[in-house]
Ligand SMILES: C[S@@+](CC[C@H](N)C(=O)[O-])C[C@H]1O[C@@H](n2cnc3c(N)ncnc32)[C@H](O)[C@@H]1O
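Take a look at this single chain in structure tokens; it is the form predicted alone.
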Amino acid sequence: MNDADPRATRADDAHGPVRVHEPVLLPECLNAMDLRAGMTLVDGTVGAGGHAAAFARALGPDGLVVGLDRDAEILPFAERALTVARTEGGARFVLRNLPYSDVEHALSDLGIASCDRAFVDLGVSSLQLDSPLRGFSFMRDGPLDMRMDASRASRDAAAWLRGVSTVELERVLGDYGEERFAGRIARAIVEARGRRPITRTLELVDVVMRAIPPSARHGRVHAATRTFQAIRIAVNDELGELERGLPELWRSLAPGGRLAAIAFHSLEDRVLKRFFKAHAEVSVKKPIVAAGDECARNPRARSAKLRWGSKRVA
């Protein structure tokens, strides 16, 4: 994923700067979800509310959006976006600071037996990248944190790097980051931490840059992109959350309901493909990808793959 994510611009309101997002594959998502007035929808990764606000408008005033996100800091942005949608005739909404694997508890607490639609947009938000204190970005100096939910994830990225073995680190960089220099980078990190702990984002960037050949240091994609992506996925157990969360979202669907998901990584997409093949009555055989104009406007869309599946009616 490219750190320089231009999908959002800034506007101002009475509360200060507000992000105006361009959600990835939005028309395709609306088409895949086949939304109807009055439905109940769960957005399991509500983020800043870009997709959710569009869903809310499609559901109308009698609909309901239940937005979940394990990052508490991002929920005020979602509330703002959904409040605007509500004033424009959109659905009611409820937000909860929970991972989507806890969807059953979220619905149960609200007295809701099931939902009609469910959606997840996997990966990191540009709002998280924008904050140096969160430690997601290799473009800004900050503490090497990367936790999407500090209250539930006990180890930040700095602590994870202190304890991981060379073999495991190389595997993570290769599998989660698809980094061709995984071995070189892993050995360089272990050697560097032996001298002193790596606790800052730009310290890690410096280690990565020194580890790879000079010819690979300046390309279209920043040389530290894959390393940061891989460590973030490991720290937040993102693939584990996907494996746990998909069955929970599926169980929460009413008969005939639909689940849609956007993946940005080949491993995530593989999990989605297997899941829909095993469980869905109807699903797309090939992932839906962004058109050329969206990719040109928003580089993040280049790696986005949308899949959906519907649950058997009876």
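The first residue of the shown sequence is 1; numbering continues from there. As the structure is a computational prediction, the values presented were derived from the model and not from experiment.
Below, we turn to the form predicted in complex with the named molecule, even though it does not appear here.
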query: The named molecule: the contacting residue among Glu170, Asp71, Asp145, Asp116 in the model of the complex [heavy atom, 4.5 Å]; finding: Asp71
query: Residue (of Ala260, Val66, Ala48, Leu272) lying close to the named molecule in the model of the complex, criterion heavy atoms within 4.5 Å; finding: Ala48
query: Option from 251-259, 278-286, 56-64, 40-48 whose residues, in the model of the complex, bring a heavy atom within 4.5 Å of the named molecule; finding: 40-48
query: Interface membership of Tyr100, the named molecule in the model of the complex, 4.5 Å heavy atom rule; finding: yes
query: 4.5 Å heavy atom contact, Gly123 to the named molecule in the model of the complex; finding: yes
query: The named molecule contact in the model of the complex: Gln128, any heavy atom under 4.5 Å; finding: yes
query: Partner proximity in the model of the complex: Lys305 to the named molecule, non-hydrogen atom cutoff 4.5 Å; finding: no
query: Sequence-ordered list of residues in 215-243 near the named molecule in the model of the complex, where near means a heavy atom within 4.5 Å; finding: Glu241
